[in-house]
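Next up: a single chain in C-alpha cells, the form predicted alone.
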Amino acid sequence: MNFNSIKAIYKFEMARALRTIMQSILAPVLSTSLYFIVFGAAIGTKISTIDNVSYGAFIVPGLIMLSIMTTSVNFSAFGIYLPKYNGSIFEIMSAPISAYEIVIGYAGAAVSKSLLISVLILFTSTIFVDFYIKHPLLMLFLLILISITFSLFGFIVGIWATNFEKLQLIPLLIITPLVFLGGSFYSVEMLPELWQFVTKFNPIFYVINGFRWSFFGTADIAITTSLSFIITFLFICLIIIGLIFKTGYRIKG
C-alpha cells in the first residue's frame, strides 16, 4: 500500500475544499437553517408529531442524508473529473500507485468533507429542535458507511462525465429528487397506498429510513433491510470501479 501517494491525493483534495470553504462547508449549513425555518413554519405547525417524534426532530436525519449524499457525490465526482479535464490523470495513472489507492485518496477526501458537513448540520439542528439519538454508535456507523458508498458512486459519476453539465446531471436531476421523494420530510405511511408501493422502488428510501431508525428506533422499514441495501450498493460500486480501471473506461482514451 503506497500511503504517501494516498496522502498526497487526500491532502490536495482537502486543500481544495478549504480554498472554497464558503461553497463547500458554509452553504450546506445555511441551507439547513433555511429548511428548518421554512419547514418548521409552513409544515411544523400543521404536523405536530410523526411516530411520536416531533416534526422538527423527524426531518433531521433526512436533512443530513440530503446533504451527505449530494456532497459526497459532488466532491468525489469533481475530484476525479478535474484531473481528466486538465490531463493530469495520465500522470496519476503512470505513477507507482494502484487503482484502489487512487480511489482511496479521492473518495477518502470526499468522505472526510461529507462527514465534516454532516457534523456541522447535526450541531446546527440542535439550535432549532431538541432531539435524542437512540443508537449513536449505529448512527455513526451508518454515517460513515453511507458517506463511503456515495463517494464511490460519485467517483463513478466523475469517470463517466465528459463535461461539466454531465457532472451535475446525476446529483441535481436524480439524487436530489429521489431524496425528497424518499421520505426525507414525511413518513411513507402518510401517502396513499399506491404511492407507498411506488416509494418502495426508490433506493434512497431505504438509506434514509435506516439512518432515521438509528436516531429514533422507528422507521417505515426494518433496519436490517436498509443495511442490506446500503452494503449491496457499496459492493456494486466497488465492482464497477474495478471494471473501470480494468478496461480503462474513459481514462485511457
Partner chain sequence: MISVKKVTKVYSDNFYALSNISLDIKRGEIFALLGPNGAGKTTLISCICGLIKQTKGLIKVSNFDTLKDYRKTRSLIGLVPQEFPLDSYESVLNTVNFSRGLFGLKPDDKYIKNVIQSLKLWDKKNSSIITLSGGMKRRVLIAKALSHNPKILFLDEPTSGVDIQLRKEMWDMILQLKQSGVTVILTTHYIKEAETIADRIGIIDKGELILVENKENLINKFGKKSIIIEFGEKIYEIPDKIKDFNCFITNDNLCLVIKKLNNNNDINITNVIKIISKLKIPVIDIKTEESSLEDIFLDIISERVKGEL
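The structure presented is a predicted model; accordingly, all values stated were derived computationally and were not measured. Numbering follows the first chain given and starts at 1.
Just so you know, the form predicted in complex with the partner chain exists too; it's not on screen, but the next bit is about it.
- When you look in the predicted complex, the only residue of 97, 115, 133, 156 with a non-hydrogen atom within 4.5 Å of the partner chain is 97.
- Within this chain, residue 93 lines the site of the partner chain in the predicted complex, having a heavy atom no more than 4.5 Å away.
- Taking the partner from elsewhere, residue 12 is found to have a heavy atom lying within 4.5 Å of the partner chain in the predicted complex.
- Contact annotation for residue 88: at least one heavy atom lies within 4.5 Å of the partner chain in the predicted complex.
- Heavy atoms within 4.5 Å of the partner chain in the predicted complex are found in one stretch of 80-88, 135-143, 119-127, 159-167, which is 80-88.
- In sequence order, 2, 4, 5, 8, 9, 12, 19 are the residues of 1-20 having a heavy atom within 4.5 Å of the partner chain in the predicted complex; the partner itself is omitted from this view.
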